[in-house]
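Heads up, the chain below is alone and in the form predicted alone; it's given as structure tokens.
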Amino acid sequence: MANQDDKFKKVISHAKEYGYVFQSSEIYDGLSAVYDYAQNGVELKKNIRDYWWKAMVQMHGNIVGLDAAIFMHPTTWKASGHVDAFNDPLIDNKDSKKRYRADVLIEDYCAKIETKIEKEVKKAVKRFGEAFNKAEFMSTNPRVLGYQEKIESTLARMAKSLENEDLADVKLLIEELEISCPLSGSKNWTDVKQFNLMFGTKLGASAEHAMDLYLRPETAQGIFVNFLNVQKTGRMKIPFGIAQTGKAFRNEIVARQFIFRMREFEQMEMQFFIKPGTQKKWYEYWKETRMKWHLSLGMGADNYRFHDHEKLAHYADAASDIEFKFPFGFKELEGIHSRTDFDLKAHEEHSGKKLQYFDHEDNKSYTPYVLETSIGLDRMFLAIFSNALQEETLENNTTRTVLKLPSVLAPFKAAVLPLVKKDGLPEIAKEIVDMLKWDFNVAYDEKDAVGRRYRRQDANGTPFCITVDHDTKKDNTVTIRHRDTMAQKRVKIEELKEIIKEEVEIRSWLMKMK
């Protein structure tokens, strides 16, 4: 666990040092669980958003975009169930006075057992070497099977108790597992209570006439209330989807793990409207399609897994998470939910407006079913950033810190470096920047020895460094250096655009989904 903590601390400090993420209003000691994206972070975030949007909207002829307002009529949240059922189970430790999410305490307990399974696998790899069969070991080793049974039974009991709103049993489970407060080690717990996560605000010029509103806790409802507007104006035929990215707000009492769980965050959601009865087919289609999108970024298939929900939300008939291996273990990155017709029917009932689709082929109206894909942009940012941050030992026994971001997402695609700050080299370097900046985000760096500049660009995730030297003046060639391999090659200035394009173009990355 300590090793994971160290890795995560490095991720957080690197994100600040290299201008990716800052604590919000830091000069006033910050706000807990609120962060600002800095000059490089905002570029990486935008590139992730674009990569999702291109795959989701541009590549599908039957999916269109939307940007709904953050403020919505308050009845929206009554209809969606958020007013009555958008709660977290919280528990306080009487000795440390710290508050925790009860379900997270239990999930963290199970994550520690997962770590024990990983240790058993590592020991077996050492023992059996190349003859080791992981799948067979996992399904036959009595110790591993015992651990897995413990995890499954614990999570199943928690899910059942939460579904039945049996909070007393949730507390009992925490006591039976002898879970202690991570801060104080105390096992002296209060009862578990439910806490609503929506932020309230007011709309109006005077306090007595103001309307009570909420900051939206998700972007999906903006899509549902606009379903008919989009369908009619876009002359959309079922099946079709509406995609949206935007801010959502949750009053997370136990916000933690850097940008993993924040109070103000960004979602990338797509609601796919389908014929009732076809949801099983589309659920499998979107599970597979979304996993392919993740794998196209080349972050390693071992770092992903599906987790099918035991406890389904009140609106769902199937739900699965794509989990990613963060520095603190496997956690939810994206949700794929079969939402049935719950949302459109609820809004129809509360608004008194008909929200149905007339199917010309069947010559009848029906309420479409919905298949949802929902991913946290900030979590995706953290997954990419933490996976990319690596320390390598080089042949000469020195180490380098390198941020191996997928080059399609890197904030800067290339940095142009004049070897020295004289002899007309900076002028040539700036001409190269001017040539490339129409197609790529390019940095110019002339401070320090060239080796130090390489290290700086490696740590910042820049895929290419282009060095202008005295030979450039003679033959119009430069040295291009690749971040991941550190391989250097002499190329003509006019070839640069094609070399960079081949490596960073969205098309070649998304083609991996085919």
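In this text, all values refer to a predicted model and were calculated from it rather than measured experimentally. One-based numbering along the sequence shown.
If you look for the form predicted together with a small molecule, you will not find it shown, but the lines that follow are about it.
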Single option in I223, L344, L419, I375 placed near the small molecule in the predicted complex, where near means a heavy atom within 4.5 Å: I375
Heavy atom within 4.5 Å of the small molecule in the predicted complex: which of M262, V170, L403, I384? M262
When the contact criterion is heavy atoms within 4.5 Å, does N441 count as touching the small molecule in the predicted complex? no
E332 within 4.5 Å of the small molecule in the predicted complex, heavy atoms: yes
Is the gap between Q267 and the small molecule in the predicted complex 4.5 Å or less for some heavy atom pair? yes
Any chance K413 has a heavy atom within 4.5 Å of the small molecule in the predicted complex? no
Only one of 230-238, 332-340, 432-440, 120-128 has residues with a heavy atom within 4.5 Å of the small molecule in the predicted complex, and that stretch is 332-340
